[in-house]
Every structure is written in C-alpha cells, then in structure tokens.
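One chain follows as structure tokens, the form predicted alone.
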C-alpha cells in the first residue's frame, strides 16, 4: 500500500514539474522512481536504506523523500508544488488522455476546472477551433471522461489486491477468528473490482468487529451491526466484513464470491433437488432443515457438482461442464516454466541480463527470453542492429556461465502503421524469438489496425503478438481491432498470442483468450518485466489464463525446453 502511495506522489510531482516547465531530466527521474517503487514485490517500509538506494532510479535525494513519507505520510515538495497548481488542472489530469500541458491549456484558455466544466464545454462546442483540438481529439476526450467515470466505480485488480491481502494478514492475527477469506470479484481475479469483501467465522463476533474497525487502514465506518461492517479505506475503497457461524462459512464464501449469474444457476440446481441455498447454508425446503455449508465443497456437492474454481464462476459454461465432469484442469502458477518477454537495461529495463538470469533461477525457471524494444522506439532506448549483435555476444557468454537455464535472445519489434516491422527480416531471422507489438498510432480505424496486425502475423519470423489490444486499464481503452480476425490469422499462420501480465494490461483479456483457445491458438503468459521484481507480475497473467479456461497444453511457456524449441522453430 505504501509503494502505491509513494509511486502516486512521485508521478504527481513529475506532472506538476511538467506543468511548471521544469527540467525534463528531473521530471523523468521522478517518473522512473515511481515506476521502480510501484514494481517492488516487497513493501518499501520493510526495506533497509541500503536496499532502497539500490532500487533503480533512487538516489540520495529520493531516498530522503521516501523516508520523509514513511515518517510523516507526506512529501513536502509534493505539497509545495500542489499549492502552485490550480486545483482544476489537477482534476483534469485524472482523465485518461489529458496530460499536464493539455489540462493547463484548458484551464487557462476556457477556465475549465472540473469534469463537469469540460463536458459542458464539449457540448457547447467551445473546444472547436482551438489549436490541436479536432473532432478526433474531442471524441478521445469524451472516451477519457467515460473511462474516468468507470474508474471511480471500479479499480484495477493490482491496486486493490495488495490492500486486501494486507488487511487479511492483519485480521488473521486476531485470536477470535476461526476462518477468514477474501470473497467477491477479487477472489475471482476480475481485472477490475468495485470493493473488497471479506468473510470470516469467529468465536466472538463483537471482538472481531471492534478489532477490524480499529485497523489503521480504516478511514470511515459507514455501517456497523452484529455480523457486518461496511467501511471506507484511506485509499477510497469500500470494504465489507461479514462474520458468520463456522457451520455457514462455506455457504457465505460461495455466496459472496459470486458471480451473481453463477449463484443463480447453482440455486436452480438446488431447487430441483428440493433444497435452497443462501449465505447461511443449504436447507431442505420442506422443513428448513440445515443440510450443510461449512465448506464450499459441501455446498457444491449437495447440488451434484464438483467444487468449481472461483475464476470460472461467471456462468460461461462452467455449470454444464461440471455436470458432465468436464471442467478444465486450469493452469497454476507452478506450471509456468519460463518468461518469454523481459526487458534488460540494454533498452528501458532496470536490470542487467545477468541479474535477470539470477532472478529467473530463483524462480526455478528453465528458460527466459530477453526481448528488448527495437530501434523504432527511441524513447525506450530501442536496439539498433549493432546493439543487437553486441547483446548477442553477452548472452552467449552468460549461456556458458549459466548452463542450467536456456537464455533466448529475442526482440519486441514495433508494428509500424502500415503493418511492416522496424527491423529487417535479415536481422529478425538471427534471433531466437520475435514478439511484434503495436506501440504507436493507436487511433487507427478498426479495419486498418486489424490489417496492420495481421500483416505482422504473416511475417515468417514473428512468433508472438504482444499485448494484442493495447489497453491500459483505467488509462487507455483498447485500440479498435477485430480480435476475431486476429485470432483466425494466428490460427492460420501458427502464431502465438500473448497474455501480457503487466497488471495495467492483462491483455489479452479472459474473454478473448478463451476465444483463442477455442480456435486452437496457443497463448503465452509473459510479464513484459522491466525489472526483476516485475517478474512477480506473472500471477496476474496466470489469473487471466485461469479465467479463460486455459490448460497447460494451451500455453507455450508451460512446455519443457525441448518442446518449446520445437514449437518456436516451426515458425
């Protein structure tokens, strides 16, 4: 939670400095530091000063600001800069697609200082004729407003899950708690969530509830009863704690995990057997006799079903499959044998290749692919042909030093606006693995974008299409693309589609990944890591794969080395 807050403050400092036309190197330093802090797998307050100073992008000055936040909850520079920026400008910057300079321009030109002001100005045509504000720009701003409004209601999984886990960990320290679990859409690993639901069984309800409302995370208690508390966290997220009898714990967990549609189907099966199910248990309808409910397995068993993993509970065929005993054996984190999309400090990553290799070995990976950006992405220090050759020599040295892991040299090549790639085939064919991704011209029409990506799929040296829809959850909508046509092309040409585990991407999403599986397209779950701590992001990609019903044979990087090499050499 502290990592997220410090990263937010550093990002805002960068934005404020940009509005004030400060040194661009200083702006980049804060952005880089924010990215590093947000990507840490450990909470920054658990690290020593020596460990913090080793974080990429953190020098003595920023170490001081981190320490300042940890001791006071604020950073003085952030507060000072905030005083210099009109509040209206800060509000506008929350809208996806509106950067600091655009927000400042709208404020100074039209006195727009709220989302309502901006919507009114759009409706009245006041943006028309302003420099840089064409019809397309107005359309994108409207989309950004809609995205912002959705974001108020739903937050990205990765921002809420660590908070929920931290609260769960604190609650487990209470001696009166017998069982406790996260429920709701968090437990189903949906990519965005509205709130946090926690279910617990306790020996003394009142003492558990009093303990809960005194947690340091609680900002405001909205409602409190004998078995339920609703509160608002300091991070502006609602959290509900429900306390039940131990005999009802499984029924409550199933009920509040959802989804609503899944629960309806389970209740229909119960009704057919003369039973009823609610959050208190399973009961015989005729005489209200309690049949069971202490565990989820018990709840499913009484209606003739095996236990169904939470990730599948969306009423997308899981009930029918369960009735036929044909549920997929969905993958687990332990099935992943390597990561095939990692950036080192040769491009815009933070760590050396050797540090990445060491981190991969700690995870017992059997292979990795180093896939830098290509030369067309200058902002990310994309590799030219000369630097690709230079990196090749280093990878060859490391292969000799670390024979226990296969180190592949790859590239994340840019798909240009016309579908061509920014490296020649003569270069691509020398590499072990080629990921092709869209990094620019996101606003193409659907037909052009689809044609563009399919042209890349047709390239004989491309193996994988990276983050295929280009979305950034809460920040950028997917670009317009006919994903069904892309899946068909991947099937026709035997190419792989990526589930990108970067938590703001989680792209392909679960629905499209399931479509790919049904068309026989293999997927690959990668992190797109830019630091070794981001290798932990793999859990988010695995969650998408689970929700997409994927099994090990559907995913490239669950295969052993020999089979992996056979599959990529076929291309």
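All figures in this text were calculated on a predicted structure; none of them were measured in a lab. Residue numbers count along the first chain shown, from 1.
One more form of this protein should be noted, the form predicted in complex with a small molecule, which is absent from this view; the next part is about it.
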item: Close approach of residue 185 to the small molecule in the model of the complex, 4.5 Å, heavy atom; value: yes
item: Partner contact for residue 260 in the model of the complex: the small molecule, 4.5 angstroms, heavy atom; value: yes
item: Proximity of residue 255 to the small molecule in the model of the complex, heavy atoms at 4.5 Å; value: yes
item: Contact flag, residue 140 vs the small molecule in the model of the complex, heavy atom cut 4.5 Å; value: no
item: Check all three, 372, 443 and 480, heavy atom within 4.5 Å of the small molecule in the model of the complex; value: no
item: Interface segment, criterion being heavy atoms within 4.5 Å of the small molecule in the model of the complex, picked from 118 to 126, 261 to 269, 220 to 228, 452 to 460; value: 261 to 269
item: Sole residue of 112, 275, 360, 193 within 4.5 Å of the small molecule in the model of the complex, by heavy atom; value: 193
item: The unique member of 432, 318, 311, 197 whose heavy atoms fall within 4.5 Å of the small molecule in the model of the complex; value: 197
